[in-house]
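This document starts with one chain, in the form predicted alone, laid out as structure tokens.
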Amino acid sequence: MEQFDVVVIGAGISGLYALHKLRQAGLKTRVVDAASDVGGTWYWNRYPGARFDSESYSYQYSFSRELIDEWNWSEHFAGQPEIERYLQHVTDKFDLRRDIEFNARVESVIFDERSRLWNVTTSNGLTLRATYVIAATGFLSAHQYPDIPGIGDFAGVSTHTARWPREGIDLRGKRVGVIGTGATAVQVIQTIAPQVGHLSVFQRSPNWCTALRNRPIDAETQQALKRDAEAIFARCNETYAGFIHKLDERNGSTIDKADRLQHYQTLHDRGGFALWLANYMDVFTNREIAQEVSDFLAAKIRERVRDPETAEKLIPRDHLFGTKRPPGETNYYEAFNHPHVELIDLRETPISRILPAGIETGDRLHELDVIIYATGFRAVTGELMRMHIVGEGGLTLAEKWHDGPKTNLGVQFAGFPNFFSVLGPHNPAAFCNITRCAENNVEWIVDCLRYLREHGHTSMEACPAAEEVWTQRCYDSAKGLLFSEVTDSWFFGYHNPGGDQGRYLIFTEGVPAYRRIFAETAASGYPGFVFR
């Protein structure tokens, strides 16, 4: 049994950066990952149309000027193959692969109270011992299937988007069913609609989608983006959610309606998250402003979808714009103008079961060759809860979080010494431009380990009282915000059968506030944490 200073779980965006920083700190580190190569989200999610919803140049790593200068993004919102190549390039450039164990899904993480070490066991028979464990498991990692009878009975090809086969699926001329209309489904549907023989879209809840406005990056823009890279990263660190888009400091309610509508159009034309995150400050708090933006987008849908009945089904009625992370789209609504594309409203005719020949809704059988499950993830906590994590006194993480997660600063849990989570509950990451938040969180955690060693401490864990205060602060951070009312979003993604449901999982005071809290905590000697 080999012993390490640190075991990192996950070789995606945050896990790779953690390995790089831990090496710099002189810590013997091993990364374990269930995949056969690096990439995390961008390894598993290789479905047709998968791409960034953050601008490529704002998502990339910021820690190496040389890396920024030598990598050229081909598009403003790069696709999965290019993102995966980028992460492989980073891995090879910094010689990270030699410290990564692939095809090793973590099954248990158990604290040995006698040795004060963590024992990490994997599906391929490894047992690793470590002083510290860092869970770099992401917040959209644990994919889930819907609870529909007969899923295993289908005679054709079926797959979840998060497990799309590396060899791909030939969809040309096939009868294809897509279950879901969230962000992943939007990307799949708009991509495959022109090539399939017939496409059946099974929708439970439509989403407010914003135009992505993706385009190639020309040579002149490429040079400008490299020149301004540090300024772009600095801007991201100053914005509410870590994107290049900065909220308008004015309240829309103080602006004439004609000017507001023109502003919406300008943001809509800019694309990406501009309409969401560069809008008026009160779009998240003022129901009238949020309704006005919703009406603006509803009119766009009616203009773009020829069949009025289909258009109305694609307009959300259960939430206002801005209360969920909006999918970015390119010709998504136009896909429903194809005569071979059909929208099935599951609120009118729910799926009753899946049969060998296809999907049954009501008294109708939709005969299919391929079923694509774009049914999302057990968000934020799912991958942590999947593992058997046992802390002091035999307490499991599932038991501790039975009534909802409790953390201090979103990185540690009382009773689990030297266990850190990069993108778990109660930090802004799920609302954030991931790499910007991941770099910040990893750097803070690695600085904690430096502090421990420099001050002769052997362990660090969250103080229970501080944990209660921080968890309540996260709940309170959503008060007054419209999205706190939409409890079926994955911002409330915690689900533990038998436990309390609907716990808010995000810190929503914003990325700058979180960075400031991190800095103040470190400068004050980490109050709220217990050292040995």
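This is a predicted model, so every value here is computed, not measured. Don't overthink the numbering: it's just position in the shown sequence, from 1.
One more form of this protein should be noted, the form predicted in complex with a small molecule, which is absent from this view; the next part is about it.
- In the model of the complex, the small molecule sits within 4.5 Å of a heavy atom belonging to Gly376.
- Taking non-hydrogen atoms only, Thr310 never approaches the small molecule to within 4.5 angstroms in the model of the complex.
- At a distance threshold of 4.5 angstroms between non-hydrogen atoms, Ser459 is out of contact with the small molecule in the model of the complex.
- Among heavy atoms of Trp490, some come within 4.5 Å of the small molecule in the model of the complex.
- Interface residue among Gly415, Gly180, Gly272, Gly410, judged by heavy atoms within 4.5 Å of the small molecule in the model of the complex: Gly180.
- Here is the short version: of Gly150, Pro146, Gly394, Pro216, the single residue with a heavy atom within 4.5 Å of the small molecule in the model of the complex is Pro146.
- Remark: of stretches 96 to 104, 368 to 376, 354 to 362, 285 to 293, the one touching the small molecule in the model of the complex is 368 to 376 (heavy atom within 4.5 Å).
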